[in-house]
Structures are given as C-alpha cells and as structure tokens.
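A single chain, nothing else alongside it, follows as structure tokens in the form predicted alone.
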C-alpha cells in the first residue's frame, strides 16, 4: 500500500507575525493600517499616534477606522484631532468628521463656541449644523450671536436654519439686527421673514 502523506497545513494556519499597532499605523499596506487603527487606542501613546495618522491618512476606510477609535476614547485630544478634520479642504473628510462629532454631543457642546468663531466661514457654517446637538438654550444663544455678528451671509443663513428648528420669538431681535445688516441681500431677507412667520406663536402667525 502506498504511503499516504498527511496534507501540509494550509497557509492560513501559519499566522503572520503580529504588527505593533503604533508602527502599523504607518505601514505601507492599507489593510495593516486599518487593523492597527482599530486597536491602537488601547496602546500607550495610541491616541497621539491616531491623531497624527488621521491627518496623513489617504485611504478613506482607514480614516474611518481611525475616527471610530478616536470617537470611542472621547478625550480632549481625540476631539481636537477630529475638529482639525472639519477644517480640511476635502469635503468628504469634513463630512466624515461632522458625522463623528454628531456621535459625541458632549464634545460638541465644548467645542462649538470656538468653531463658531473660527476665521474660516465654512467652518462656522458647519458648526451651525452641529449646534442642533446642544441644549436648546445654549444653541439659540450661539445662533443669535452669529446672526448679530457674522459678516458672511451663508453663515447667517445656516444659523437661521438651525434657529428655525429649535428657536422661538426670543430670536426675533437678533433676526432684525441681521436683516438690517444684510438689507442688500434679498434672499437672506426673504429667509428671515419666512423664518419669523414659522417661529411665531401659533396665535400670532399671519
């Protein structure tokens, strides 16, 4: 009878050597970086490494894994790293960062005031959307400040949209200030009048 050899162990059974998660964040393989991003937060120095990697990462799947790990930690350093992405030129990266912030309403309350005063009008506009996650009184106050002070019509329009959802007659004075400042902008003027009608108490609506 011929000798029957046992089949060799399949390649899958021959485990590859483990990669240090922090070193893995800079690995040439996006698969290795993705795997490292999922566990790096638990390693000493992991949050700092993830924060650095987020800014340099070009693969969307890996960035998503990095954001998820940072969201899980919710430390100030994690929030700072995500907020930096809101300032990125790439719209997809900004959108991903906003989604991450929406999952951390407590962090939004802490960082929204600074975002609403950011020199970049696009950042201020995006922050108006995040304000919806804040307590109504705080969000209303911040949106009224934008209406009274912001020199960019699009930011005021974004603040008005948020106010229309959460605010009431307490915002009317700020809306009048905005209307006077942008009297040359027919679109914003129309939007302010329409919002005032919607926000008026039921018995006082025209």
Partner chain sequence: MPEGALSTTEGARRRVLVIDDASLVRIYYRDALERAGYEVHEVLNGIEALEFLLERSADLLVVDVNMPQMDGLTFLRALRRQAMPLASTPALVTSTEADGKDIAAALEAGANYYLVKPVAQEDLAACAELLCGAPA
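Positions refer to the first chain, counted from 1. Keep in mind that this is a model prediction, so the values were computed, not measured.
There is another form of this protein, the form predicted in complex with the partner chain, and it is not shown here; the text below is about that form.
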| query | finding |
| --- | --- |
| Among 42 to 50, 27 to 35, 135 to 143, 152 to 160, the region lying within 4.5 Å of the partner chain in the predicted complex by heavy atom distance | 152 to 160 |
| Exercise: residue 124 in contact with the partner chain in the predicted complex, heavy atom 4.5 Å | no |
| Proximity of residue 194 to the partner chain in the predicted complex, heavy atoms at 4.5 Å | yes |
| Residue 102 within 4.5 Å of the partner chain in the predicted complex, heavy atoms | yes |
| is_contact(residue 110, the partner chain) in the predicted complex, heavy atom dist at most 4.5 Å | no |
| Residues within stretch 67 to 93 having a non-hydrogen atom within 4.5 Å of the partner chain in the predicted complex | 89, 91, 92 |
